[in-house]
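Only one chain is shown below, in structure tokens, and it's the form predicted alone.
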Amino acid sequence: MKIYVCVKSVPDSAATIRIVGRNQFDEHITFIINPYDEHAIEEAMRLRATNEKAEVIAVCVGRAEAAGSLQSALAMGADRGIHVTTDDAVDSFITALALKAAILADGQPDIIFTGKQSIDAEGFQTMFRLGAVLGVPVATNVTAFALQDGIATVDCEMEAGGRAVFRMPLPCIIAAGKALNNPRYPTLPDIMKARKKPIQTLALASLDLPTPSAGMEVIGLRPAVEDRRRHIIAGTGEQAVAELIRLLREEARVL
């Protein structure tokens, strides 16, 4: 069984982001493996534990520095990695095509795990575009996963607290939510062993990808500014509650 896990290198959420120019930011900060992808790796490892012939391959599209995130995936237990390198920022259309080309050049996938989103772009698109170009079903925000007789059964968290259960034949794509599992933390021996695991490097330009029919471009970036205003609500308890509800409904618009 070939299990592929798509991972992304993203800025550390604790880093201070400084915007440079119109649509770029200073990248001299710490980058980490996308936290949702850690749940994808953990689920891949649990599946491998049930199949002694299974192999887990981590796949990443990104700059040379993204190799650090692949090393993190290997330290968590992935057997080897594939790094599609590019110096350009690529959108979800190109990323999906690159992932497809890299995976199919390596072998036929039985199952592909991803995170449900990345914490930088939060586009929620790549797994669906990958499913479309591969012609396989996709389930996202997966909170429970089981595999039996070539059928994956997943629980998915929906909006407003809803829940859906899907059954999908292999191959398929599973986009992990945080409730799916608790990712393991690599030990020092795991980190040392990961340095000896192979990472295949492919240049994006060498993949001869088709020109996508559409694309996305970052037009501009600007820092998020919180506009906080203080309200002092006076009066009796009933009056204060009534005024609070009015503010939430008419000004905050959350009711």
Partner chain sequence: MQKIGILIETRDQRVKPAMYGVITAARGPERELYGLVFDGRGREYKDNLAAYGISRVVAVQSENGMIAWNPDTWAQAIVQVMEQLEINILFGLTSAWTKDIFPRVAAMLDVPLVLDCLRVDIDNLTAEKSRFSGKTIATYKLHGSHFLFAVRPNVIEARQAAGTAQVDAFTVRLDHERMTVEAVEQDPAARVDLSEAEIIISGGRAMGNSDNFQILQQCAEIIDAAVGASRVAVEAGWVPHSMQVGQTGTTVSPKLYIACGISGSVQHFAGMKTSEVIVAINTDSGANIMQSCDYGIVGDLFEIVPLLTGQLKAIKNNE
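Positions refer to the first chain, counted from 1. Fair warning: this is a prediction, and the values are worked out from it, not measured in the lab.
What follows is about the form predicted together with its partner chain, which we do not show.
Visitor: With the distance limit set at 4.5 angstroms and only heavy atoms considered, check whether Phe145, Pro198 and Ala203 all reach its partner chain in the model of the complex.
Guide: No, the whole trio is out of contact, none within 4.5 Å by any heavy atom.
Visitor: Of the options Ala102, Ile111, Ala75, Val138, which one has a non-hydrogen atom that comes within 4.5 Å of its partner chain in the model of the complex?
Guide: Contact with its partner chain in the model of the complex is made by Val138 alone.
Visitor: Do Gly220 and its partner chain share at least one heavy atom pair within 4.5 Å in the model of the complex?
Guide: So Gly220 counts as contacting its partner chain.
Visitor: Taking its partner chain as it sits in the model of the complex, is Asp106 in contact with it (heavy atom to heavy atom, 4.5 Å or less)?
Guide: Output for Asp106 is no: heavy atoms all beyond 4.5 Å of its partner chain.
Visitor: Arg129: heavy atom within 4.5 Å of its partner chain in the model of the complex?
Guide: Residue-level check for Arg129: yes, a contact with its partner chain.
Visitor: Can you tell me whether Ile245 touches its partner chain? I mean in the model of the complex, with a 4.5 angstroms heavy atom cut-off.
Guide: Yes, Ile245 sits close enough to its partner chain in the model of the complex that at least one of its heavy atoms falls within 4.5 Å.
Visitor: Residue by residue through 9-32, tell me which have a non-hydrogen atom within 4.5 angstroms of its partner chain in the model of the complex.
Guide: Result: Pro11, Asp12, Ser13, Ala14, Ala15, Ile17, Ile19, Phe25.
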